[in-house]
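A single chain comes next, written as structure tokens; it is the form predicted alone.
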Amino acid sequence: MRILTGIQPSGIPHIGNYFGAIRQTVEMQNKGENFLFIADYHALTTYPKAEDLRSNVMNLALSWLACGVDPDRTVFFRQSDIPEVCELSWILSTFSPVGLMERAHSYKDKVAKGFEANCGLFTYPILMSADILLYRANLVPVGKDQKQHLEIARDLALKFNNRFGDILTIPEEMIPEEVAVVPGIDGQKMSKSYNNTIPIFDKEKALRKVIMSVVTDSKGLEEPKDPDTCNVYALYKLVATPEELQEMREKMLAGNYGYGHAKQALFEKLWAYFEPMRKRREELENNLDYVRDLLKRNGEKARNEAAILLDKVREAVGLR
């Protein structure tokens, strides 16, 4: 079974990224043949500055490697190192009805939020389809917001195969039943767009400051508190043992346990949980040539795989 995952480079990840995606990706390394790519072509739809894009790509590579991506078990590469994906995207676009793109929820949602309606954003699902189909992926982990894009990839593959034979692998979606919805420091879903994140790799003083800013109600020290409506408790759930979680619950319900005490406990658990990853990232930051070489070597592996499929596609449509 071949599993493929793509991530857009958007800076330093936060704990919402980790518990919502990174951890699951690392765990899947034992379940099949894994391909993981940094979607820098996709990132161009939002017009990043060149230096920012380069920095974000490296930050993503450092962070995911530090969090457990194993280059011996996962082909981890840059999307832009595989130009074949653009050729396949063009070929697939000739099979894609305009109406199919117009019905894509993601495009309409982004335009509604103020994103410029450029052609790259409009045809984003076709490039994503090429990403998936080029490596003959069997299984694609996606969030619910990306489910429609996976369905588009399946539709295009079926349409192509109906005309030319069974050349493209029909991918299956994998939507985890329980993906951690991580609250931000304000109680909304953690997101960079809400400016409510807790970065994984913050320095100790900076992390403590963020944790101490988690929004709570105004109950005093002596008053009982409801852990089920408390942002601090919701975040503590992510890293605490069942025993530690029960202990905090009992203290909050009993009273004489302030939010400051809960925040300090949360800080200590988060700091300890991500300590091995911070150390690994520091090691990688001191050896950037290793990271660049790793991405290059993995890109060559991915490109060899891409060439196998693209040769069949080119021959089928008459370009050979």
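Residue numbers run from 1 along the displayed sequence. Model, not experiment: these values are computed from the prediction.
Not on display, but discussed next: the form predicted in complex with a small molecule.
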| query | finding |
| --- | --- |
| Distance check, N118 to the small molecule in the predicted bound form, heavy atom within 4.5 Å | no |
| Contact flag, K192 vs the small molecule in the predicted bound form, heavy atom cut 4.5 Å | yes |
| Proximity of G299 to the small molecule in the predicted bound form, heavy atoms at 4.5 Å | no |
| The small molecule contact at A21 in the predicted bound form, heavy atom, 4.5 Å | yes |
| The small molecule in the predicted bound form: contacting segment from 183-191, 200-208, 223-231, 244-252, heavy atom within 4.5 Å | 183-191 |
| Sole residue of G165, P97, P83, G143 within 4.5 Å of the small molecule in the predicted bound form, by heavy atom | G143 |
